[in-house]
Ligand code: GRF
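Single chain ahead, written as structure tokens, the form predicted on its own.
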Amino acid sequence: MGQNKKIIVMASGTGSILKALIAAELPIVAVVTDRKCPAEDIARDGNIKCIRVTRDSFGETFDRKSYTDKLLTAILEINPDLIAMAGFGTVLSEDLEKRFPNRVLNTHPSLLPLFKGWHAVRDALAADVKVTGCTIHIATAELDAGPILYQQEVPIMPGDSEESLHKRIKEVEKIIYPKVIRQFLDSDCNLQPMNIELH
């Protein structure tokens, strides 16, 4: 991996993906959260700087641009080479993409472009498809629409619930996301979409 690379991980939840990224010994210099969450404890346990930029509203009064500006102020103090979304619960304004073009990655629990949004696992089950999966892609201003770097299928089993299927998808994400991030950094963040082969 290139020398002196810096990753910021953005998380809002349990931190299971964050834990996998830390275990992979990626050069994570900070974890940014938008609320109090277990991911913060995982960051502290790993001796990684934790920055909380609290989201003050979850309703119609939420000012997405203002919040993104605050978050960017915190991120720019570190000036990372790469930002890895790991279950970050706030959709940000296009200003993040403008400041870090092609340097924000996200993992999503479906085979995009199928089943975008927060309920991808539930939607896959409702659609009665036989296979779903996970996608690692470059995050853009349009939700779950950025260039795809890597996808892996996960079969839907008879009797699967949203919880059981999501759990199996997460197990795959925890394996492939660190590998994609590592290759992306090694390429100086300029890999072409779908040009990643994992071994």
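On a predicted model such as this, the values are computed, not experimentally measured, just so you know. Numbers for residues come from their place in the sequence shown, where the first is 1.
The next section is about a form of this same protein that is not shown, the form predicted in complex with the named molecule.
*Asks:* To test your reading of this chain, name the stretch in 105-113, 72-80, 122-130, 90-98 whose heavy atoms come within 4.5 Å of the named molecule in the predicted complex.
*Replies:* In the other structure, the partner sits against 105-113.
*Asks:* Is S16 part of the interface with the named molecule in the predicted complex - any heavy atom within 4.5 Å?
*Replies:* S16: contacts the named molecule in the predicted complex.
*Asks:* Could you confirm whether H166 comes within 4.5 Å of the named molecule in the predicted complex, counting heavy atoms only?
*Replies:* Contact check for H166: yes, within 4.5 Å of the named molecule in the predicted complex.
*Asks:* Tell me, yes or no, whether R55 is in contact with the named molecule in the predicted complex, where a contact means a heavy atom of each within 4.5 Å.
*Replies:* No, R55 sits far enough from the named molecule in the predicted complex that none of its heavy atoms falls within 4.5 Å.
*Asks:* Do any residues of 167-182 have a non-hydrogen atom within 4.5 angstroms of the named molecule in the predicted complex? If so, which ones, in sequence order?
*Replies:* In sequence order, K170, E173 come within 4.5 Å of the partner.
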